[in-house]
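Below sits a lone chain in structure tokens, taken as the form predicted alone.
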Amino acid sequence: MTIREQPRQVLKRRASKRSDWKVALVFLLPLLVMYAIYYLYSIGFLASTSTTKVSVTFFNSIDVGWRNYAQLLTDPVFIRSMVNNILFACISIVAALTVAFFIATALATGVRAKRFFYLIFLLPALMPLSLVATIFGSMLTERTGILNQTLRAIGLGALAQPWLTQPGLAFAVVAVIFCYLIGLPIMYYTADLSALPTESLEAALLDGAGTFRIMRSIIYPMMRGTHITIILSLLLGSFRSLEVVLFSTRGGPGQSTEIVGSYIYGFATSGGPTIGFVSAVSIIVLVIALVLSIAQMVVTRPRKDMR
């Protein structure tokens, strides 16, 4: 290729890229329009309803301005539900960054029956959350739950507890359910472990480093991007975990396990002119989710110096 031909080839490649982009836009445009109308209408509807006092029939709405937001931000139950949401998310994040990382790394070493262990750890995350929470709730019922029945059958009846009716125990139960759903973090780690460069690992093995030293000092720091993705994904997921609370403790006892999702559900199904208040809560949650999504896109985008 001569020097004169090089600019022509560059121009051809640029023209080809523009053409591909236009073709892709033609195919994506109907879907983009549909999503834009759906989401813009939904957000606009929530925003307009959040400043009203109206029932589920949406008749005879009364404009109350910012009163719903003022009531929301001063409601101790809402504040507690937000705190619980963050606490459950933090507990699941700690479990993911430790237990899930260890499980994924151990399975990546080629242990026997690896597929069987993957099935055990991934199946709960692929099951409906409502089913998982319902099973936990039935197992931990004070009188008929299998856990208390087993403890009584083996002579440890003194350890049987009202797991779902004591605030501290109920909170621990919901936290355990959140930790139980660590299948997706295991999948994230497993996928990224296969893409790690092997030079550092081989050098560490030649230097005589042990397995746990390699995991702690080499593999774990190299997966910083995966850690960030998991943290932000679990934070976002905690705001969509209504089923975990609704089908296990129903937010009780005494709102000790209330999260934002169950808080919204309780007002939406209580009857009366509460839909405007529910819309205000939804707007607040939408803003939080939007901030977290933007943060995830910013921190996970490739750096220019790494391309």
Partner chain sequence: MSVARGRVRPNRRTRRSRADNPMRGIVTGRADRITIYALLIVLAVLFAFPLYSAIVKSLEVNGIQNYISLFTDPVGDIPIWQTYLNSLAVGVVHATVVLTVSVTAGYAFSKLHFRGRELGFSAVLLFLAVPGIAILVPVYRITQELGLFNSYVGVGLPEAAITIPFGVLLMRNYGRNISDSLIEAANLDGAGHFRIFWNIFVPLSRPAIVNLTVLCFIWSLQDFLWPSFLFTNPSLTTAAQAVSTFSNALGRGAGDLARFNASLVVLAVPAVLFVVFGLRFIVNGLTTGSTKD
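Residue numbers count along the first chain shown, from 1. On a predicted model such as this, the values are computed, not experimentally measured, just so you know.
The same protein also has a form predicted in complex with its partner chain, omitted here; what follows describes it.
When its partner chain is considered in the predicted bound form, only one residue from 83, 156, 203, 119 comes within 4.5 Å through any heavy atom, namely 119. Think of it this way: in the predicted bound form, its partner chain has a heavy atom of just one of 169, 160, 87, 108 within 4.5 Å, and the residue is 108. Its partner chain is not shown here, but in the predicted bound form it comes within 4.5 Å of a heavy atom of residue 242. Though the partner is left out of this view, residue 251 does not reach within 4.5 Å of its partner chain in the predicted bound form, counting heavy atoms only.
Among residues of the shown chain, residue 224 is not one whose heavy atoms approach its partner chain to within 4.5 Å in the predicted bound form. Shown alone here, residue 64 lies farther than 4.5 Å from its partner chain in the predicted bound form, counting heavy atoms only. Using a 4.5 Å cut-off on any heavy atom, the residues of 263-295 that reach its partner chain in the predicted bound form are, in sequence order, 264, 265, 268, 269, 275, 278, 279, 282, 285, 286, 289, 290, 293, 294.
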